[in-house]
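Heads up, the chain below is alone and in the form predicted on its own; it's given as structure tokens.
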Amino acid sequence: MKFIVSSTTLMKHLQQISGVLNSSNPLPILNNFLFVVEKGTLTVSASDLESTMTTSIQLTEGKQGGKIAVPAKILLDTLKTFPEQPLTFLVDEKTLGIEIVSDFGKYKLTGFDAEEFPRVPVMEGSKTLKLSASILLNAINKTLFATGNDELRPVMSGVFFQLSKDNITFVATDAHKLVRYRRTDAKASGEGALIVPKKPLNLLKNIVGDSDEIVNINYNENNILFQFANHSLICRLIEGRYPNYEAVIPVDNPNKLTISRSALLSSVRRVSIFSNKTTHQVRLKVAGSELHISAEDLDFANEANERLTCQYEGEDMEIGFNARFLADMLSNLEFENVTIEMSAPNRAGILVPANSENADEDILMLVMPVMLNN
């Protein structure tokens, strides 16, 4: 097997899929890339058993086809040192010896039998869905930060895709915060519910550009396959029922606070430096058109107070939030002004854009309050 490929093209493609590789693997073969040469195209795959990512590269020359598993770390480390140049790969499929020839010299390493590499699951009885890359990227960016890490509740460690003929809703929650992102300009052929794990979505986020390019999605009960440009990613879905998220969103919120998002975010970040390191509690006290933000750490006698002007409808109230959760939400909303809707100090607060420019997009973020110790 022999092929010639551009060093920088190969490096770029390998870096895009190398995020799948784990630092410690149950099987030694998972420390390798699978190289398959066929009809002038090199297809490279990386897998961690749960997810497999594949990319294809047009070769400068690829007359002799074949396949081999190539050690990932040594190959990546070598490619990083090359300027742009053609590299010739010579593979002996009997001895699994690999020779790489560059302008500088020759490098030899030993590969592994390609047959040991995990097989990609066959998508039997799958349904299809098409999404524009920009919608998928937005959905991932808006929800991923709110997913949980609790191993006892694996369903919360992924993003919930709720499909219908009218819209697609993406939901993430860790029981302290929740994000519901709905697009009416994205539709499925029928009803469906999928829980997609965090890691593959993180990988997708780094490759799917903010473009109008279409991402083809195939899914069945066990797996989901994303295909776009010259990449594909298949991963196992999380099994289980997603919690009834609609039930925790309070409907009647008479107290509405509208404020500059960036001003509130900066204030919360500053004030939270002085908060208790365990609770990260900041106190929001709103009266008239003034919002007081304060935090204190009684153990060290640290304290901070700030005031901001805002628009407010409702009764004067005081509510506590975890500053980290609040800052996470504010930094993941891209709007100039936000509205915080509240009903009582012990009920969840809801963050929504004060004025959404996109009629097809509906976003709601919910944050649970922290009990105030007066």
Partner chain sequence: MHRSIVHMDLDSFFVSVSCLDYPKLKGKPVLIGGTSDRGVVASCSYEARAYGVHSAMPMKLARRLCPDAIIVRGDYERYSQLSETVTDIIKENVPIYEKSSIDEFYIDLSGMDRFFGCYKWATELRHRITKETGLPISFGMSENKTVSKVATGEAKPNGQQKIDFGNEKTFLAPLPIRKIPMVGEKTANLLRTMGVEKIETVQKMPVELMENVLGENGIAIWRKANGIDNSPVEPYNERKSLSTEETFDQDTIDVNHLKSLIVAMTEKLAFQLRSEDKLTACVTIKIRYSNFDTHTTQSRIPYTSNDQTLIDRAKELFDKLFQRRMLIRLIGVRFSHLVGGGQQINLFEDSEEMVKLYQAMDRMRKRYGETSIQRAVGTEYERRRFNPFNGRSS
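This is a predicted model, so every value here is computed, not measured. Residue numbers count along the first chain shown, from 1.
Not pictured, yet referred to below: the form predicted in complex with the partner chain.
In the predicted complex, the partner chain sits beyond 4.5 Å of every heavy atom of residue 324. Heavy atoms of residue 81 never reach within 4.5 Å of the partner chain in the predicted complex, leaving it off the interface. For residue 248, a non-hydrogen atom is located within 4.5 Å of the partner chain in the predicted complex, even though that partner is not displayed. The closest non-hydrogen atom of residue 121 lies beyond 4.5 Å of the partner chain in the predicted complex.
The candidate site formed by 18, 22 and 49 is entirely out of contact with the partner chain in the predicted complex, as no residue has a non-hydrogen atom within 4.5 angstroms of it. Taking a 4.5 Å heavy atom cutoff to the partner chain in the predicted complex, the contact residue among 236, 153, 269, 256 is 153. 279 is the sole member of 164, 279, 227, 220 with a non-hydrogen atom lying within 4.5 angstroms of the partner chain in the predicted complex. Annotated contact segment (heavy atom within 4.5 Å of the partner chain in the predicted complex): 339-347, selected among 49-57, 36-44, 339-347, 308-316. Residues 366, 368, 369 are the members of 351-369 with a non-hydrogen atom no more than 4.5 angstroms from the partner chain in the predicted complex.
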